[in-house]
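Just one chain follows, in the form predicted on its own, and it is written as structure tokens.
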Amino acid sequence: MKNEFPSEYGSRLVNIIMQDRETVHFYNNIADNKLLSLSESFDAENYTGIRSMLKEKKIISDDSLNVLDVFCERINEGILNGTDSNSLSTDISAKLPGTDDFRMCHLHAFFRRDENGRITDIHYNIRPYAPKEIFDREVLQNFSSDKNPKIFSKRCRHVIDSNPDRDIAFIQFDVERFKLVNEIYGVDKGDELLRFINDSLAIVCTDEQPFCRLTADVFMIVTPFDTKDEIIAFIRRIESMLCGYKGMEYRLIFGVAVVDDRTLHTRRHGDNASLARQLIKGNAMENVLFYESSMKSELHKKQAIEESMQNALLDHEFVMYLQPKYSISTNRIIGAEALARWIHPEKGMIPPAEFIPVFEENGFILTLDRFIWEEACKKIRELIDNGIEPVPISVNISREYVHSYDVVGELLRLVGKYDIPIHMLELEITETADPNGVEDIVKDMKKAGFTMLMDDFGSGYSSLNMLKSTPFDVLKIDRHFLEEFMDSDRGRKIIEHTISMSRDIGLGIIAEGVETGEQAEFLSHCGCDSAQGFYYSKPIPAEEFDHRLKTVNG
């Protein structure tokens, strides 16, 4: 043996190793910051922790490193803040002595704690799974899913029944726009991410917190709690440990249902959590929503939208409205933005905020976008044919499908079909937390000859630093950015310098959401001459736009 464990461990562990040569054991003394090995095939000298040893000796596979990080982070929490647990375990892919390939192994940490619950010593062991154990593990996972819910439902019922004096929460979460994750990083990477989340939940959740992967990218945890703040803190902890896998950009969305009737079947509580999760989707500011009974009417609205969207397209209920863009100095129309409006024969105008998020989630947004693209091209052709001097019309490109659909090819086809100058059709894409994800698409569009507008600049992700390398031609200043920063002298300076810097490096500027003459005057003073907003015009039907264009521009 390379090193000796403390005497109270020695004889017991030696007997274990004599009986099972495949398992390897380590001892970590927290105070001395030493990792000792009780295996002749391992030399743990000069290592202070299990992670550095496993990684540097290449014992653990790259695919298991992130799960190991979560495992070690949980242990560090116990060292710093104390823990009620006596042990922690996870599964890793490891190459143990005497083997040539990585095998699925069980990593177990047994804790000794002081009177405050802080971890003082850790006994680690790594044991390879036998083939039958791997099979049984896969069967258990399958029967703990929503498709075969018996085991999971029993565990949920046990948590409810064994905690009569505590509240119980069903927490359901998913990876927002997981389809987009697959498109950007590939299906294999997407599957890796889901395995990482599932394996990490086994570390993050205690024995009192059953969890399962329901379907696809949807997971659920059931946990007792005492305060709402405790639930929020638990969710934020999950986020911190589960986000950022291998540098991937994604966001988790949570729905929470608090058990108010303990006699209901556990599936009912899960359904309520699912409803809250679905309704929080598309909210850029929040990603956690607690279920309320009134939410069922919201779900019915969403279902009604999805049930009628195809017929609405066939029945010409979707129409293109145009919002003019004005020159502040000349008060002439210099362009327009094409926007989708839904005019229902019975309900009248359905607000875009009600149907656009639903379409973005279910993929129908591509169908609607393509309809608006063609309507815009038709309108440009119509203006030319009627002898009216046309202005550029911009259309929106949703990020949800830019990696899976030939947007450039479709737009070039439409430009050719209606024989319009390519510079008359401008393209808008909203700024994003993953600018690299759309950069290549924007470059392809520019190469084809389109003018590219970054929509909603300043709405949350942008920075002045990104301007030095942006492939866009024009920035559209977000109306919230304008409203917020105009309230103070410092804010006005920020707007002024943003506009000045953008112009200096050759970027065009359009201000969205201009609602007052004061805003227009200030923008003009700062060097921004292009504006769009209710001060000039709300979005209007295409026929009304024609009349206004002839009247204003002559």
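Keep in mind the model is a prediction, meaning the values are calculated, not measured. A residue's number is simply how far along the shown sequence it sits, counting from 1.
Although it is not shown, the form predicted together with a small molecule is what the next lines describe.
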| query | finding |
| --- | --- |
| Segment that reaches the small molecule in the predicted bound form - one of 193 to 201, 165 to 173, 393 to 401, 416 to 424, heavy atoms within 4.5 Å | 393 to 401 |
| In the predicted bound form, the residue from 374, 239, 455, 249 that sits within 4.5 Å of the small molecule by heavy atoms | 455 |
| Heavy atom within 4.5 Å of the small molecule in the predicted bound form - residue from 117, 352, 363, 186 | 352 |
| The small molecule contact in the predicted bound form: residue 504, any heavy atom under 4.5 Å | no |
| The small molecule contact at residue 74 in the predicted bound form, heavy atom, 4.5 Å | no |
| Proximity of residue 514 to the small molecule in the predicted bound form, heavy atoms at 4.5 Å | yes |
| Residue 340 within 4.5 Å of the small molecule in the predicted bound form, heavy atoms | yes |
